[in-house]
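Below you'll find only one chain, the form predicted on its own, shown as structure tokens.
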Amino acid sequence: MRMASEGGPSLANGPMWRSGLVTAAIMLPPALILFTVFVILPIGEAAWYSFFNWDGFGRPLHFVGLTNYLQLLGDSAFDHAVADNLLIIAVSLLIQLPLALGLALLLSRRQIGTAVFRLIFFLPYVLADVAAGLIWRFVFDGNYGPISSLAVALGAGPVFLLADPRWAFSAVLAVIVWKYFGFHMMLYIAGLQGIDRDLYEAAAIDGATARQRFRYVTLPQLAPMIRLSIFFSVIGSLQFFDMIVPLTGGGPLNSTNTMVSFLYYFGITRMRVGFGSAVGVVLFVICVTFAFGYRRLFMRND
């Protein structure tokens, strides 16, 4: 009996192991090929092109070594783009996410009308970034936009927000908060609805106030979703691009460029593909470093 019981699992596991191996042999190569062609090879090519002074035509022949990277270090426009990315991250973490959490707390309960407000707040995220940029470009337009028209009606004169380097990026930040807070709100609502109601009842029985229930029940239970929201917010802020092109085009005076729009306007459109590739490599290193570092430090147990 002992020999039969010992031999049973090995016989049972043998066909299962072979079946799993066959499945992996069939399913893995197509996915690996697609990942290699569309991810690994472009990353490798960008890293290779970054060592050349290349306009994108023909083969890159003019090897310049680290010159493109050294130019980035002394480029004030790139420094400004990095600062803009950091400002987007700060606004996202300090304004957008707390706003999303506050609205999620108000709309997480199943009451009449909450579904309508959830839809209203989530609709901007569904709207395409390019369409949102075009809409807000009209809103901020100094000649025909409603904000400028209201200022004229109040006697303050026309307002050209997007043409003023001091205020253009503030307008962009306002649009970013409007566009993306609904996504994080829905994440928080999903997390809040997954919290066991018995925890709140037990805390209430123990005499905990609403603030104490939020601090000691809601926040700890919602912590994994908050960490995920922060991750999405930072990565999205580093890669922010689509709305810049229709909204400001990086202007005025390069005051609203991000690293990706800087890559596009100073690399691709000016036929400096090698220089743009260097920007892409720097951005890739920053994103990967943050992603793996954040995952290891804050999302290890999620």
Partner chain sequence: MKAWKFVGAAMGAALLVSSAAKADVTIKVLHLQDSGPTLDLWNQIVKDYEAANPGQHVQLQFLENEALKAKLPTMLQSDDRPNLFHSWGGGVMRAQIKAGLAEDVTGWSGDLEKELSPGAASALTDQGKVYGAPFDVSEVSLFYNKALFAKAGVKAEDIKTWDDFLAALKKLKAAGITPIICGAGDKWPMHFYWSYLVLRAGGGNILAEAGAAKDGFKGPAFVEAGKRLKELADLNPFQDGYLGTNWNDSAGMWGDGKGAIQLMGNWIMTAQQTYAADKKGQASDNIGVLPFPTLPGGKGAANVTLGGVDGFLVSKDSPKETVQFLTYFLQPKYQQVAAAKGFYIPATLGTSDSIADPVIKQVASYIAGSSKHQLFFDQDLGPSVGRVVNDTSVAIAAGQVSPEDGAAAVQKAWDER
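What you are looking at is a predicted structure, and each value in this text was computed from that prediction instead of being measured. Residue numbers count along the first chain shown, from 1.
In what follows, reference is made to the form predicted together with its partner chain, a form of this protein that is not presented.
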>> I have Leu99, Arg118 and Phe231 flagged as a candidate spot, so tell me whether each of them has a non-hydrogen atom within 4.5 Å of its partner chain in the predicted complex.
In response: no
>> So if I measure heavy atom distances to its partner chain in the predicted complex, which of the stretches 141-149, 217-225, 203-211, 86-94 falls within 4.5 Å?
In response: 141-149
>> So, Phe160 and its partner chain: in the predicted complex, are they within 4.5 Å at any heavy atom pair?
In response: yes
>> Test of understanding: in the predicted complex, would Gly56 fall inside 4.5 Å of its partner chain by heavy atoms?
In response: yes
> Can you check whether Phe52 is within 4.5 Å of its partner chain in the predicted complex, heavy atom basis?
Replying inline: no
>> Residue-level question: is Leu66 within 4.5 Å of its partner chain in the predicted complex, judged on heavy atoms?
In response: no
> Taking its partner chain in the predicted complex, which residues of 260-284 have any heavy atom within 4.5 Å of it?
Replying inline: Tyr264, Phe266, Ile268, Thr269, Arg270, Met271, Arg272
